[in-house]
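Shown below, as structure tokens, is a lone chain in the form predicted on its own; questions about how it binds or moves come after it.
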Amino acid sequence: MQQTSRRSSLTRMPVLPLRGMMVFPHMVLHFDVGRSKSVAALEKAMLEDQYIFLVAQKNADVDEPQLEDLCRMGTIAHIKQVLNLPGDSIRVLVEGIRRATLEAIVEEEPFLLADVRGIKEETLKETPELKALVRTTHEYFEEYCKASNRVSQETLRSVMDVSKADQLSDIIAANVLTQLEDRQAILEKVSVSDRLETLCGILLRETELADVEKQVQARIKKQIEKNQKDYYLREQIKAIQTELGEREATDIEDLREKMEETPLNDEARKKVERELERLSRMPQGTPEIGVSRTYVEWILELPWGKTTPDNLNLKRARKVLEDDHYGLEQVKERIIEYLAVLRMKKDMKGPILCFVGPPGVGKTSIVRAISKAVGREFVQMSLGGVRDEAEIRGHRRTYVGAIPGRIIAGMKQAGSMNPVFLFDEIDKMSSDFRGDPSAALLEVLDAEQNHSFRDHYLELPFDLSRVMFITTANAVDTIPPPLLDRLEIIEVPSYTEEEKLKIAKRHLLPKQVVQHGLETRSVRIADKVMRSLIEGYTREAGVRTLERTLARVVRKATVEILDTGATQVIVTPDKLREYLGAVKFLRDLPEKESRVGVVVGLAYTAVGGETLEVECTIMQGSGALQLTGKLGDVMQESAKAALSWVRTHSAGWGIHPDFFKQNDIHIHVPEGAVPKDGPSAGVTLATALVSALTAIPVKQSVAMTGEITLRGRVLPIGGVKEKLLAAYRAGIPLVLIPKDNEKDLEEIPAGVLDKVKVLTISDIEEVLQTALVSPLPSTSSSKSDKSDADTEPLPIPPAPASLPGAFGRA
């Protein structure tokens, strides 16, 4: 091996990488060598001139360091002693000679051999600046020793005795500094002045850190002492209470431990700590003990910070919705859109969905399906008949028997911060002297406010922003406008008979069979029999009555199976009549004979669409208009508007103007116990008036709906789908709807439009041309030139012998 002269600045020698330590010039220390390459390098150095290059590794975890893993500055050391230890380890005693830089590694096997450039020591001159640096270093070192407890008195004295500037920095760095980066920084400084300045900066930093450590340790010690004192005092209290036979103090300790485990917010934690401290000082028998304990338990039992992971797989959600509900395609699609957005934006402050539809169409069950699809807990709160604001916000603790509101109670029941929370029947709330619960819901359903909802009982902020709130209602008319503004309305329509048939076969009948303990398919009902059951024994928009009727059939079949020992019962038409009795509802087939003053109208009620017959009759009197059938204010106004339009145009039909002064008009909508209201009966009322005045019969195969104006225009109305379904169920082949409602026909099932023809009308003249069996009589202007005194009123048209009622048969 070629080796240059030692007098040259570039020397080739073995390299010994050091892990977690460093050797400075003028420093003697021993360390153990275990790696094979390090042992080989040591042996090579011992065979030659006993000089070796010691350099620190940047990462102590590297077993086979390369050039980039080693620091550039190291120390050329002289090996003083080598001692073999058990286990192939060697203990070596070395003395640092001078600094050197690692230029290149020329060999890696069997040990590291490198070119090293030695650094000539600086010739020191005793300048005032150097003396000041030495004195400053001594002062900083002494301050560091006072602030830190890591330096012994012997080390302090030995360092303070060092006066040579070149040795002072190396001795302090080797014996005091703990971080490898700091020691390497001192080693790499060639200038003694730079070395001392760098060391002073490090000592100043470490002194400040030591002061901070002392403060932290003092606080920790004080806290530990306080905790130990509190523990000692509580143990004494517990022992005293045990000796006196009073209540166990372990309950308070259990509550305190539970508080430590619960991630409360700062305000809640302070309030619980204060309440527990107060509870621990209450004497036995104080009535307030139970109140205070209940308050703390309510706070700790809430699901602070607990959430359930969302399952936002859209395919799974679609499958769950399809399995649980038939039809309702638009509703399902809106739910999938909601979940898709929630998946893309985890913290979505989305709209509050409100499912609106008749009873029994599956509003509540579809919310349960949403909860099941997303994988969240489900909480239901019925708002029907709620009048007290405290039901929502709770009672204040000053009242005896105060409890939290049903919002907080529902969150406790859910056990998570992100349940699906259903407000059922939100349109059934009302208000009285106890407050307005709908106003209290404004904060709950507002995404900008509900992150810090405060219940009157707890008086703590509770986060409701992650709750998926969903509401249901039968109608939006009774929902207060401010609350309605926060809701996204999703119409849940009533079912057609075809949809009811599918629902009964796929869901209702199998469910009832299982609930009654029977085997699958042990009760079978053919489609024809099922249709007879739907049409003859139920009349509703939903399927709730249908399910109850099927349950009755299954119960009868269960008795028959037990009596006869049969394994299967097939329900025939005769058996259906035997089980359920006579048919309750007959299909409202259109009458073959046209009737005078009787018109088939369509209404949208809370139970879906219904047909109603408006009856009008004329009799001698004083020109009064009598309205019966429990009509609301809006419907009465529609009747007056229709009468005004008829009177305006009656002259063209040959009716004397004084006719309305000498005769009374009576309009009646059968089944007077059922309230009826709304403007959509305007065209029906006008047609009935014209028919009764002209004695022209109205086709009973025509049903109509629409609002009328004084000019005879027909305005759009709501509930078109439900009204057309009512006409479809009644078997009416022709329905007249306003022209502006033509767009609503897209929502009507194709099977309904195949059997019900729909005509759109824009004015009442078109209605009369279609609904009356013959054209209206007309007179020329010359025929009405007679004076009023010479004109006799037309005779009263004969009233029909019988006027059947048609409204509200369900």
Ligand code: ADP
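The numbering used is simple: start at 1 and walk along the sequence shown. Just so we're clear, the structure is a prediction, and the values are computed from it rather than from any experiment.
Not on display, but discussed next: the form predicted together with the named molecule.
Exercise. With the partner removed from view, which of 318-326, 571-579, 87-95, 456-464 is the stretch that lies within 4.5 Å of the named molecule in the predicted bound form, judged by heavy atom distances?
Worked result: Every other range fails; the passing one is 318-326.
Exercise. Which listed residue (G360, G410, P404, G629) meets the criterion of a heavy atom within 4.5 Å of the named molecule in the predicted bound form?
Worked result: Flagged contact: G360.
For this session: Only one of R544, R72, R293, H656 comes within 4.5 Å of the named molecule in the predicted bound form by heavy atoms, so just point that one out.
Result: Only one listed residue qualifies here, and that residue is R544.
Exercise. Looking in the predicted bound form, any heavy atom of L508 within 4.5 Å of the named molecule?
Worked result: Heavy-atom contact with the named molecule at 4.5 Å: present for L508.
Exercise. With the cut-off set at 4.5 Å between non-hydrogen atoms, does T364 touch the named molecule in the predicted bound form?
Worked result: Residue-level check for T364: yes, a contact with the named molecule.
Problem set entry | Interface membership of Y495, the named molecule in the predicted bound form, 4.5 Å heavy atom rule | Y495 belongs to the contact set for the named molecule.
Exercise. I202: heavy atom within 4.5 Å of the named molecule in the predicted bound form?
Worked result: No, no contact at 4.5 Å.
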